[in-house]
Ligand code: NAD
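Taking the form predicted alone, here's one chain by itself in structure tokens.
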Amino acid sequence: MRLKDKVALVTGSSMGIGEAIARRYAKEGAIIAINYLKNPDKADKIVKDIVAAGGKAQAFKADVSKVAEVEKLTADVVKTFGRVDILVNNAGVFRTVPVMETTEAIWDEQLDLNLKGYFFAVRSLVPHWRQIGGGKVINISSIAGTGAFPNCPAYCAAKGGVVNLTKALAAELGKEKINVNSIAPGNVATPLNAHVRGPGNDEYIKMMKLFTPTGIDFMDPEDMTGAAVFLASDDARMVHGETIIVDAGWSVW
């Protein structure tokens, strides 16, 4: 077990990539704080599964796009488990909206959750990590942050911001044994992108297969967990400010 007795807070972990990482961390021995906003039943089911397998977990409701709720969430997790060793900033929203249809509300929704919430989650835990001698941050970016796609300018801006925020935080916090890194997933089948994978999207799915040298259209959320375990482990203690792209080869072309 590579994360035995470490406490991990995974935001947005009631589904998708966050759920997969939380479950994998639990298998690696970590104590898990499941964060959710709208699906308490699913969060409770994940907690029950982890506990049934011999692990330890608890669900915490919070809207991590709001600074006050982020700060309360991290404080509650520290109070419950005594510490937080690993923060996975994963909660996000994805809207496919062309430039001229992107309203201020759509822009703010994606920047607030996908970028602002990440920063303030880290900021709220820095004093705690200074007390315990370090911590780990894994930010979930995207290939839309290392490259770009049409019809999602706010999402690309937010995820690109995550890549550079990761570097900026690493540059400032690395000397305090706080590792800040990110993962840039490629196309992963999650509830956030179900609208582009459903009926009537056959041509789009075919194009996704053609755009990867592996011929894979959408990966599974579990495909992200290996990189997430590595970055949370002692093996990555000298890795700072990096973005690991996990995209089935998409970005090599």
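One-based numbering along the sequence shown. Quick caveat: nothing in here was measured; it's all calculated off a predicted structure.
Another form exists, predicted together with ligand NAD; not displayed. Remarks below refer to it.
Open item on the list: Within 4.5 Å, heavy atoms only: does Lys159 come near ligand NAD in the predicted bound form?
Closed with: Close contact exists here: in the predicted bound form, Lys159 approaches ligand NAD to within 4.5 Å, heavy atoms only.
Open item on the list: Can you tell me whether Val64 touches ligand NAD? I mean in the predicted bound form, with a 4.5 angstroms heavy atom cut-off.
Closed with: Residue-level check for Val64: yes, a contact with ligand NAD.
TODO: Give a yes/no on whether Ala232 approaches ligand NAD to within 4.5 Å in the predicted bound form, heavy atoms considered.
DONE: No - in the predicted bound form, heavy atoms of Ala232 and ligand NAD never come within 4.5 Å of each other.
Task: Non-hydrogen atom contact Leu169 with ligand NAD in the predicted bound form at 4.5 angstroms - done: It does not: once ligand NAD is placed as it appears in the predicted bound form, Leu169 has no heavy atom within 4.5 Å of it.
TODO: Please state whether all three residues Gly12, Tyr155 and Asn193 have a non-hydrogen atom within 4.5 angstroms of ligand NAD in the predicted bound form.
DONE: So, yes: the whole triplet contacts ligand NAD.
Task: Leu165, Val78, Leu173, Leu113 - the one with a heavy atom within 4.5 Å of ligand NAD in the predicted bound form - done: Of the candidates Leu165, Val78, Leu173, Leu113, Leu113 is the one lying within 4.5 Å of ligand NAD in the predicted bound form.
Task: in the predicted bound form, the one of Val84, Ile140, Ala121, Val137 near ligand NAD [non-hydrogen atom within 4.5 angstroms] - done: Here the answer is residue option Ile140.
- [ ] Considering ligand NAD in the predicted bound form, find the one stretch among 100-108, 121-129, 85-93, 173-181 with heavy atoms no farther than 4.5 Å from it.
- [x] Answer to the contact question: 85-93.
- [ ] Taking ligand NAD as it sits in the predicted bound form, which residues of 1-39 have a non-hydrogen atom within 4.5 Å of it? Please list them.
- [x] Heavy-atom contacts within 4.5 Å come from Gly12, Ser13, Ser14, Met15, Gly16, Ile17, Gly18, Asn35, Leu37.
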